[in-house]
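A lone chain, given as structure tokens: the form predicted alone.
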């Protein structure tokens, strides 16, 4: 899932300083799951803003802020409600959701979170980065483990010379991901899959912005 982290409240206050009436929109998917932008956090932020003199015109958190039909449904449009009642919208959705809101309203949309990475959740407590959406996936050849996202140097042809005793040179508190890849491939009996040199990464596949068109 996409993970986010709530910005410091002092920064949010500074961003909202020019406005009086604020509508707070959270997101129940990534933002809500990592407890940094769901409905509960939206109400907390709204309460804090009220204590600092802002008029809160609404607090809502749809099932997915990055889905246009969820925020602009014909029968009841969340963004039209927010736009008609407010000077600005504070979005606690990820960067994608916040931008979708912004391009469909004529008032300022302020982000209250920093979008971090695509990650996995553990014990409803930890979120680890597993994917950077590079557009050229290699994990079929590396035992289902991504060296691009999980190696600080994004090495795709094995560990660097600084990886000692299975520890990462850049951050010794984490294991060298290539040691994990080797162990996994040994378990699978597929170690030969990394014996041939991987081709240079084709970064044309991640030239921004990208679009996915669904087949009919």
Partner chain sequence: MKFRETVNSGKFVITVEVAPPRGTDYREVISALEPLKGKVDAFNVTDCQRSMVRMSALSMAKLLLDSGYEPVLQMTCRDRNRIALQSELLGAWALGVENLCLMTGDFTTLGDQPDSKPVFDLDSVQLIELARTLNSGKLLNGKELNGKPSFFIGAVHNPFAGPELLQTLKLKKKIEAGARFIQTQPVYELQVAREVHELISSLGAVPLIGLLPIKSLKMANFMKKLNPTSVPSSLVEGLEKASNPALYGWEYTLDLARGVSEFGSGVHFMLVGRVKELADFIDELRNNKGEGN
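Since the structure is predicted, the reported quantities are computational estimates derived from the model, not experimental observations. Numbering follows the first chain given and starts at 1.
What follows is about the form predicted together with the partner chain, which we do not show.
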Testing 57-65, 22-30, 36-44, 150-158 against the partner chain in the predicted complex with a 4.5 Å heavy atom criterion leaves exactly one stretch, namely 150-158
Residue-level contact is defined here as any heavy atom of the residue lying within 4.5 Å of the partner chain in the predicted complex; does residue 17 satisfy this criterion? no
Does the 4.5 Å heavy atom contact test between residue 9 and the partner chain in the predicted complex come out positive? no
State yes or no: in the predicted complex, is some non-hydrogen atom of residue 163 no more than 4.5 angstroms from a non-hydrogen atom of the partner chain? yes
Indicate whether the partner chain has at least one heavy atom within 4.5 Å of a heavy atom of residue 191 in the predicted complex. yes
